[in-house]
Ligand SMILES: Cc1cc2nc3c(=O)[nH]c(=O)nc-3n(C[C@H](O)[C@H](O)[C@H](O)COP(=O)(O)OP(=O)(O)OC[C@H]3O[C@@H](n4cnc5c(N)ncnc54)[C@H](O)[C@@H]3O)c2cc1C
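In structure tokens, one chain follows: the form predicted on its own.
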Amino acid sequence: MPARAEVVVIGAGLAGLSVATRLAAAGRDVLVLEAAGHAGGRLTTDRVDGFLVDRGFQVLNTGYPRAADLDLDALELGWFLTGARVWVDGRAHRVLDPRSRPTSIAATATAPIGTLPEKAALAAFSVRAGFLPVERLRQAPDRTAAEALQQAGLGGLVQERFLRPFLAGVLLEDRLETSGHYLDLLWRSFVRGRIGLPARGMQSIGQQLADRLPEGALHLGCRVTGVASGLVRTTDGSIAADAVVVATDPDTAAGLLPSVTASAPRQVTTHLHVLPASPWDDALLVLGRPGGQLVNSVVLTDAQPRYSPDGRALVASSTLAPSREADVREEVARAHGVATGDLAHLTSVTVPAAQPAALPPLELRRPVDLGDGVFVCGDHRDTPSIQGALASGARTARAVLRHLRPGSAASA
């Protein structure tokens, strides 16, 4: 561990890696400290009995503008269809973006998720969010997602059967209290991009960024105990720096920087099961049913076969509240039309601080420069997403360069 670095970045999640790679590319001496044993932060992937298991059900949305920071081809993404499968009256119905499968137009138009005017309103909402300039989307007063959907003519059956359960799995809350402006940005990414899983798990996204750092710049297993202007204290000693960037989870950031108020109140529990084979012929999310515990369930290997070591199907099923596998097992089986005895429980993962909330009014681009050479970044400074983490990192890199050498931020 060096005694000094030009810039010390605390945290090797996507935000910290975004900062560090940009500063290194600008020729700055960067040191990245990470308490865990791997890069990637909340994007963590383990191997359980040969299966790839992400920390909760996570996916990469290529509609995020900052997805351009990644080498998507190198990730070898496997793709989900854009849409979801909905159970109504004992039958599964597909609701698909017709661009992903044009032959699905008739089935989607007749799916029992709402009236024809509601379906037309959903199409209009998608066009508006997907193609209007962002500045236009943000001109309207911010309100809750539930109120925004109601205003768009989407407050009836289409919300209860499709939009609410679909969005609950993304926002990790089912009351639709999230900012309507954030909903616009999120829906925009669904309209403009595709949803995929990397061949080596979600952790490989962070690892791809970490591999861009100079040799010796990343130090794993290093816990930071204190931060001050020009100084970082760790369990392995102190490091002097011209600039310090705290790029940790919100709670850790608030602990290191008393002026920062941030938290990640959203949580999720994901149960992983193995089936002998997939019961479906396409890669599509299955929405939870009204009154049940499941938010959604999906056969991951339908999109990314390399999550399985031997061709068996890997199923991920999520609940917003902590749950026991035994309590949701029957619900998982019903979601996929299989017998409970066909499901082999692999593991369950609860993520208590999965993501920050984004309540109205949405605070985009919260300050990252705290003064005296101390900076903070993370998705809690932008939006609670991979996009927010990467965008915050890019913004913080520019701020650090301005601090180190005024006028030098343009190249970051």
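Numbering starts at 1 and follows the sequence shown. Here the structure is a predicted model, which means the values were calculated and not measured.
The form predicted in complex with this ligand exists for this protein as well; it is not shown, and the discussion that follows is about that form.
This ligand is not drawn, but in the model of the complex it has no heavy atom within 4.5 Å of Phe375.
In the model of the complex, no heavy atom of Thr45 sits within 4.5 Å of this ligand.
In the model of the complex, no heavy atom of Ala26 sits within 4.5 Å of this ligand. Ala15 belongs to the set of residues with a heavy atom inside 4.5 Å of this ligand in the model of the complex.
Only one of Leu364, Ala354, Leu343, Ala67 lies close to this ligand in the model of the complex, with a heavy atom inside 4.5 Å, and it is Ala354.
Along 225-261, these residues reach a heavy atom to within 4.5 Å of this ligand in the model of the complex: Ala247, Thr248, Asp249, Thr252.
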